[in-house]
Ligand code: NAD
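First comes one chain, alone, set out as structure tokens in the form predicted alone.
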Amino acid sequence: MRAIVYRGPGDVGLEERPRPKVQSPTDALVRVTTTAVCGSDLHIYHGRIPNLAPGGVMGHEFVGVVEDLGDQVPGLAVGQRVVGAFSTSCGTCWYCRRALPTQCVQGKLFGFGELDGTQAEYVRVPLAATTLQPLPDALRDDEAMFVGDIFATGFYCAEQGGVRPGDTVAVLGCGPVGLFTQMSARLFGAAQVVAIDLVESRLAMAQKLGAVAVHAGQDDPVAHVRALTEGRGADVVCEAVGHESALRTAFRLVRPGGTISVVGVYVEQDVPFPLGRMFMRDITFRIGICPVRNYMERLIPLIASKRVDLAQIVTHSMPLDAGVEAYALFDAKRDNAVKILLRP
């Protein structure tokens, strides 16, 4: 089968790999119909995550069709369309029973050196019954696939931030997760959403989604937010970048008694933390990996009922054979790239 593999920092390639097989009674073999390039994949692409050795298959977002099943996979059938979570989980361990599937003692990440990734024609899915979610036929791939990672993450960011009707929400980052966080803040009733970024094309998309767009290189986002809130600051600040500069800005944006919710990926970074400022200003700080398996079934009806239009952030749909070009395009943010789908 064809697959996108990691060769080294800044270098991926399209290569032939053996087609995976069911290895365990709880496995499923999925024929991938749509996958994508994610911002998290760039951490590997840049060589910041050492777990994936050269030759490893990339990717963790996917929709597909079940081709084969072990004999202990209840609730799934061969020929069924499914969306996958970015990590596997067993559903029965101490952490899973406490709604923390990303901490599952058997759980593994796709495409990060623990399991082969999903940017391929086929993917083996361990613990399939609690990793895959069946899809209604009416839901297109470009609508459904995001519940397995970035839409769930954006929704989780707004939810763990405690967004309430009437709030002012500032979102740092207008990449795919940031844009979905903005959509989700609206779902929770935010009166105004302020989108902050440095890329004009992404700010234009945020504005199209109804946010107040602030270019952090041309305007002072802190002054802008305070002008909108009678000097207080944002009720909730959502950080979807994963960089120390964004985190510093988050503490300047939030009002006393407000909440900072972080889903930006920090990979082995020691970031200074202003505990004194948090204490004196009664700031709530929340951070974590989205427990995406908790959200998949819950979010699918939102998409099916057209409460949200997730496909509008897709800027490019390319064949898997163009995966090398897709990485270069997404990394450089060329051609106004926001979200790139790959179709095997």
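Small disclaimer: the values here were computed from a predicted structure and weren't measured. Residue positions are given as counts along the sequence shown, with the first one as 1.
Not on display, but discussed next: the form predicted in complex with this ligand.
The chain is drawn here without this ligand; in the model of the complex, the stretch among 169-177, 136-144, 205-213, 115-123 whose residues come within 4.5 Å of it by any heavy atom is 169-177. Between this ligand and the residues Arg281, Arg286, His43, Arg31, the one pair within 4.5 Å by heavy atoms in the model of the complex involves His43. In summary, among the residues Val265, Leu76, Val83, Cys90, the only one with a non-hydrogen atom within 4.5 Å of this ligand in the model of the complex is Val265.
Thr153 belongs to the set of residues with a heavy atom inside 4.5 Å of this ligand in the model of the complex. This ligand in the model of the complex comes within 4.5 Å of no heavy atom belonging to Val237.
This ligand is not shown here, and in the model of the complex it never comes within 4.5 Å of any heavy atom of Cys104. Heavy atoms of Gly233 never reach within 4.5 Å of this ligand in the model of the complex, leaving it off the interface.
Along 186-207, these residues reach a heavy atom to within 4.5 Å of this ligand in the model of the complex: Ile196, Asp197, Leu198, Val199, Arg202.
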